[in-house]
Every structure is written in C-alpha cells, then in structure tokens.
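Next up: just one chain, as structure tokens, the form predicted on its own.
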Amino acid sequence: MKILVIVSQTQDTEAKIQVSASGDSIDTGDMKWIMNPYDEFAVEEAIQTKEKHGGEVVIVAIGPGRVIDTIRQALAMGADSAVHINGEGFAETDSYAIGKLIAGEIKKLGEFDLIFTGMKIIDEESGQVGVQVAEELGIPHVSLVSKVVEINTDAKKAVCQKEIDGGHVVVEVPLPCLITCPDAMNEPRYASLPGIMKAKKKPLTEVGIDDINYDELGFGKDAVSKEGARVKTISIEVPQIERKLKIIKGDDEPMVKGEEVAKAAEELIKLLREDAKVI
C-alpha cells in the first residue's frame, strides 16, 4: 500500500498569543512550533496501517523551512519519505489554495491507496484542507473517523467508524480515499532515538515555490498571497477576561427566615440573568 499523510506545523499550544503591530496577524517572532496535534494521530494511523498491510508512508507538508522539523518528527515515528512544499509566503494562504497546492504535488507521486490527515488545524480551527485536497483529487473522503474497522486492498475498499451523538455510524468507502483523524483514534507513539537517527537519512524532496506550475492548478500565483486569498483576516483581538465577585449576604441570625432565603435567591437569579447573562 502507498499511504500519504498531510501534516502541518502550528504554534505550541502553550504559547502566549500576542497580536502583531499590524493587528491582523499573530506575532510569531519568538514562538515555538510543533506538529499540529491532530496530525500526530494521522501519522500514527498511517504507520499502524503500514505495519498491518505493508507498503510505505509518505509525508506531505507545506510551509517555510522550519516545517522540516515537523517532517523529521513524522519520519522518526516511522514514515518512509516526505515531500516539502517550501515557501515563506504561505502563512497568509487560505485553505482553498493550500488544498490545491498539496493536491498538485500529490498527483505527481503516482497512484496511492489512502491519505490521512488531522481533522483540523488548531491555529485557526480549520478543518477544510483535507476535504479540499480530496475534492481536487476527485476521491471520496470520510471525516472524523474514530476507527478504521477494515481495509480490503483486494476489494479496494475501507470500512470506517464515525462517532455521533448517542452512538456511531459505519461508512464503507472505495479506495483511494482521504480520512481525517480526531484525537479519539489512537495513541501516537514517541519517536525513538534510533528512529530519530534514521529520519535524517530518509528521502526528503523539496519543492520550491518557483517549481509550482500554477496553470496546471487552475489559478494564478497571486492566489497564494495575502492579497489574493479568498478568506482574509481583518483584525485579531485577544479577549479581555474580567473577573467580578459579588457576595449576596443573608441574615446573620442562626435561624434564617424563609423570606430571607427567597429574597437572596431572587437577587442571585437577577444577577445571573442581567449581569452574567447565563440564564
């Protein structure tokens, strides 16, 4: 089997978010970057599938040079090779264009059986890239898969389980297909020291921004820029949290009268409705 995994790099979940001077982006100057947490489940699922059915796992990622650290992490976990679409200007590119760029490179890789990716990217909570890639490739996709029940390479089909309110639904889909992975899917392995050492020698193909044929993708080069993006960020604001404490005093007497309790309860309900606005 040939299994692809789309991974992305995001800000550390524990990083302190600060708005840039322009007011429409995040200041990433001193920020630590990690593999998108949901993509870790996708990498793990791909490796488990390879261990069960044989084949190879290819990582596909897009972004600046620092993304290589995330790619090496996936290779150290057990992936076999990787493709890096390298460019500094993709930070402002929207999901539509990112999906087209990734799909364009996947088409060059030849036939494949499965694509795994995280259910969303945690920086902007976007769950669109995987779906967009599937649409560009003309293959079916199943999102939020909690369990891959069966993969039948002879019949060219996969059986997936999705959780829903009060139960689950089982979906049968032909191969090749794309599956998005939530955190309930598996437990990602840690990269071992031998795995880290081997990752340095595994094939990594670099694709420069000037190597992309935009005519084949069906859109202009300006579509990957901030000005050409279909989705634009106008402004970003860090929410201000205000904490207030208000004490409702009752009767100080040991035996509180019933009317005192009713009066305190009435005041509490009024505060919850008018001030806190939770009821």
Partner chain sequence: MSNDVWVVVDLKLDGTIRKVTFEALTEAKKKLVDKLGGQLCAVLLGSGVSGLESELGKYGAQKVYVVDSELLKDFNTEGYVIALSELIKQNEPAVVLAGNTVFGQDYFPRVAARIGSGVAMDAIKIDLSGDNNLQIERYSHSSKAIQKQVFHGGTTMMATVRPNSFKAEEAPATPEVISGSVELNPGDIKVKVIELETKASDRPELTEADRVVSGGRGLASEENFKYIYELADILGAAAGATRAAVDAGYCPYDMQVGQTGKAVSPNLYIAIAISGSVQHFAGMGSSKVIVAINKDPEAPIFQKCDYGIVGDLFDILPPFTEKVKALVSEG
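Residue numbers count along the first chain shown, from 1. Each form is matched to the other, and the largest set of C-alpha atoms that superpose within 1.5 Å is called the rigid core. Computed from a prediction, not measured in an experiment: that's the story for all the values here.
There is also a form predicted in complex with its partner chain; it is not shown, and the following applies to it.
Among heavy atoms of Q132, some come within 4.5 Å of its partner chain in the predicted bound form. Its partner chain in the predicted bound form comes within 4.5 Å of no heavy atom belonging to S22.
Among residues of the shown chain, I236 is one whose heavy atoms approach its partner chain to within 4.5 Å in the predicted bound form. Although the partner is absent here, M119 sits close enough that one of its heavy atoms falls within 4.5 Å of its partner chain in the predicted bound form. The stretch that touches its partner chain in the predicted bound form, counting heavy atoms within 4.5 Å, is 132 to 140, out of 70 to 78, 132 to 140, 195 to 203, 106 to 114. In the predicted bound form, M119, K120, I122, D123, E124, E125, S126, G127, Q128, V131 are the residues of 117 to 131 with at least one heavy atom within 4.5 Å of its partner chain, listed from first to last.
In a rigid-core overlay of the protein, L268 has its C-alpha displaced by at least 2 Å between this form and the one not shown. Relative to the superposed rigid core, E111 undergoes a CA displacement smaller than 2 Å between this form and the one not shown.
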